[in-house]
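Let's start with one chain on its own, the form predicted on its own, as structure tokens.
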Amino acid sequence: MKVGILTGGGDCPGLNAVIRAVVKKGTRLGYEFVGIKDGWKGLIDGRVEPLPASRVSGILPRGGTILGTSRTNPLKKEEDTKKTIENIKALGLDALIAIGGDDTLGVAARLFEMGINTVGVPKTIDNDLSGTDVTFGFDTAVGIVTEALDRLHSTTESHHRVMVVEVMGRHAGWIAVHGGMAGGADYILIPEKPFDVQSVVDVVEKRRAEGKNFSIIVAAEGAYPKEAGGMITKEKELDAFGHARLGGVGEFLAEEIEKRVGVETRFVVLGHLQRGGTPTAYDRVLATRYGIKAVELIEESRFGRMVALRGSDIIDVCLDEATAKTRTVDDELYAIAEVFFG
């Protein structure tokens, strides 16, 4: 059995843990592994490397991905799709494990319909895939946001400022809610709940009237004011999957708060800091369990599936189900966060 492995989309802590688990488990079964470089782009260009067990030794604590990644969409152009399928056949791959988020797994689902034996592993720090309770990388990202807020508290309090912290979360505010609650934010803004700028200003003014001379606001990058009618973007150009580059809500809100309240307000964009670094113990274990399950699916010839976490169990779901919709923050969780808004 010859199996290809690729990592697509944004990098995240835990990718190497998945690769390691897949290779270690599969090697015991006599599988041969091929690492595909830079996501789907590697299959279009035919760039691969052997993945013996010795190659994955020591990579468990490493962030990023030893295979590289990209946001290439092999289905965007007919010629790229043709090259992808031709290279899969030329490499003699019996199965393909795609580790990624909604876009990467969406491609894996379409390739399965074209006759390619694919298995998916869910990866996104945004935690917004509907087919699983948790994606690896999320726990690490929340920890990074929490630590950043802890550090920002001291400098914000010292200067009596308002600090707006922009975190990742295009369509779902999981990082903002979990990180914001853990870090003691005064207000949390998420894409699921278009906000009123004046409501945020009112909380800041109330805090200062009560004697608290500093405030920290956490905003997911996809959060937007009601009057804007849509997400705030930095540039109009779209990526290969049709996504605009987000960014700007933190700067926008900081300017509005300073203008309306009359106090010094700064903004911080945590950006790719949330993606980098070593994964937490939780993410290492979850990623390892996902990798083992992916090999088991191949061994059972159960293709077109994605591994997933439900409760405490690792299960598998149809790739189409996994990518059918965005998993958004539920009202009950946000209601808990709102208790601390004012």
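Keep in mind that what you see is a predicted model, and the values were worked out from it rather than measured. From 1 onward, residues are counted along the sequence shown.
Below: the form predicted in complex with 6-O-phosphono-beta-D-fructofuranose, not depicted.
71 is the sole member of 266, 260, 71, 76 with a non-hydrogen atom lying within 4.5 angstroms of 6-O-phosphono-beta-D-fructofuranose in the predicted bound form. Among the residues 153, 170, 83, 206, the one placing a heavy atom within 4.5 Å of 6-O-phosphono-beta-D-fructofuranose in the predicted bound form is 170. For residue 272, a non-hydrogen atom is located within 4.5 Å of 6-O-phosphono-beta-D-fructofuranose in the predicted bound form, even though that partner is not displayed. Contact check for residue 166: no non-hydrogen atom falls within 4.5 Å of 6-O-phosphono-beta-D-fructofuranose in the predicted bound form. Taking non-hydrogen atoms only, residue 125 approaches 6-O-phosphono-beta-D-fructofuranose to within 4.5 angstroms in the predicted bound form. With the partner omitted here, the stretch from 55-63, 272-280, 286-294, 39-47 that lies within 4.5 Å of 6-O-phosphono-beta-D-fructofuranose by heavy atoms in the predicted bound form is 272-280.
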